[in-house]
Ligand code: C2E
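Given as structure tokens, the chain that follows is alone and in the form predicted alone.
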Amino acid sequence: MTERVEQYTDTFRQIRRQRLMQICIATSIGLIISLLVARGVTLYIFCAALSCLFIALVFAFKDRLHLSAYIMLGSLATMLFSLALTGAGMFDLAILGYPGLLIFAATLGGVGVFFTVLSFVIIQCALLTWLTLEGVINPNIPTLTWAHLVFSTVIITITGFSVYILVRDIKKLMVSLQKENAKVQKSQREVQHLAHHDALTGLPNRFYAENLFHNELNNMRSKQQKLALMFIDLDNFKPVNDALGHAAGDELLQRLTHRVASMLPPGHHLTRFGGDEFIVLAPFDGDRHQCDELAQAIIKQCASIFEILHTQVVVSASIGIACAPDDGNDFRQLCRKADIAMYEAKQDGRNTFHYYDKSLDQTNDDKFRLLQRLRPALNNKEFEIYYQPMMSLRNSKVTTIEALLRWPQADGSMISPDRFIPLAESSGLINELGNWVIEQACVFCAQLRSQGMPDLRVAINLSVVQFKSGHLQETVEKALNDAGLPPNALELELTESLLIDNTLLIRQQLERLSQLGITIAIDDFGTGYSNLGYLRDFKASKLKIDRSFISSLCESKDQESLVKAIINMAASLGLKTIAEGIEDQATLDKLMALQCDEGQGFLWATPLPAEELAGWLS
């Protein structure tokens, strides 16, 4: 902005310089014409003025504008005064030149020059009047000649020319200012638009969404309707960015935005909340069936196939819905509640929608309070490790003990791992907690081996977060060395969800752990993608058949066929199978008939504390 002001100032100065030089030249030409008809003292006055004009022209050329203006205007005023003094006084034709001088002074010289020339002219007129009234001079009313016409024409022409070019400059300046004003207004509109809209998609942003919400809420109140706030989060958007790059992700967002916006009914607003999160403000008459249909339509649009960089890309959307006024009238609170509902939709399997209800708040409050207790519980050693034996179905001997983390409470109750493990993962405590489990389990297994069970092994469940830290191998090696436990006595159990997150870092760590002699087992097999490629890539040596298949094994032929297929497949790949959740002899007999290798369940023992398990083993 400062540079533009300086540019305009410099331009205006150059224009003043040009006009000053033009007026000097035009006036000089007029004086030269007047010299042709001048006689007597008038001739000398014109010559003197012409000389001063030449000096003013030189100073203007050298960019000394104020000095040039003073010389030009002063010499012309003096010339006009001299002509009037030697002619007809206040009635002389020279007086016609004073208004032109004032115009020149106002436009070329600035405030100081203008008031100086104005004062000079007034003083000259007053002096002429006083000299005439006192009889010092006697006005000489000349006889009209053609010379007077020349003088009048020169004065009027020079004044008119000067006024014309100066007024033209003023008009140009006004046009320029109008254009600049239009640019400023356009820039202001663009800035306002950018402040209220997302640069990538062009949608209203989260700040403007709040204004839209309040406007729509007022409209809905007047119409006795309700307003649904739909919080949309794209599922599996990150892999698109990781695989194809952020440019592909941006293009996907733009095209998806266009699809969703084009299918929304009139009066509905789509806004970008941030990242891959969007909000739809949808008025409805109180019947949630309308919201259901709209949510399903949005999910269908998001799940469409997109052609991005010659690659077919498919994502899905999870939607949480909160309604005003039922769930409140505050925009931020409704966003929070819709966000909570959206996470419920993700837990329901994604690619679906969920309405907010008060029970969700209670669930989140419980999670928050539980999260606040995690760190103190870890520091105060409140956690315990229980162990459950795995039995060989061929000889009924204990082959392995599985380490299971427990959180007992003072009242004798137990907080389920399903509740606190996800919180430990999301808070980052799982690394510290998992490292403690590995250390304690290795020490306990080494003690049992030294007490007469030299072939006993210990199995430990791992979280994907432990792999992402990059230090799992060092932790495992240190625990084995400190406990004096050989690597082949340790079995690490991985869930299929961990294998799906197939990153190079996980692959490298599993490869190194396998090379140490540690056994890799796949936990809960059959409940996920069950991709055989994972078994090959991660060098798994055991499959644990999930208890959901075992519990109804004796009741369903289909379940028996499925379990048999898993056992046969594992055997063909050189893998052992372990059945979880064996609770009765009939199930055990069936698994033995199917040639399952190992079993685990309440038929033999529930998970036990270390001391009780030691007694049970003895």
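This structure is a prediction, so every number in the text was calculated from the model and none was measured. Numbering starts at 1 and follows the sequence shown.
Below: the form predicted together with this ligand, not depicted.
S.K.: Between 73, 240, 80, 403, only one gets a heavy atom within 4.5 angstroms of this ligand in the model of the complex; which residue is that?
M.R.: Residue within 4.5 Å of the partner: 403.
S.K.: Between the options 377, 340, 96, 421, which residue brings a heavy atom to within 4.5 Å of this ligand in the model of the complex?
M.R.: Only one option qualifies, and that one is 421.
S.K.: In the model of the complex, which of 403-411, 296-304, 198-206, 477-485 comes within 4.5 Å of this ligand (heavy atoms)?
M.R.: Partner-contacting stretch among the options: 403-411.
S.K.: Taking 4.5 angstroms as the cut-off for heavy atoms, does residue 473 touch this ligand in the model of the complex?
M.R.: Residue 473: no, not in contact with this ligand in the model of the complex.
S.K.: Would you check, heavy atoms only and a 4.5 Å threshold, whether residue 524 touches this ligand in the model of the complex?
M.R.: Yes, contact at 4.5 Å.
S.K.: Counting only non-hydrogen atoms and a 4.5 angstroms cut-off, does residue 609 reach this ligand in the model of the complex?
M.R.: Close contact is absent here: in the model of the complex, residue 609 is far from this ligand, nothing within 4.5 Å, heavy atoms only.
S.K.: Contact with this ligand in the model of the complex for residue 218, defined as at least one heavy atom pair within 4.5 Å: yes or no?
M.R.: It does not: once this ligand is placed as it appears in the model of the complex, residue 218 has no heavy atom within 4.5 Å of it.
S.K.: If we check this ligand in the model of the complex, which of the residues in 410-435 reach within 4.5 angstroms of it by a non-hydrogen atom?
M.R.: Contacting residues: 416, 417, 418, 421, 430.
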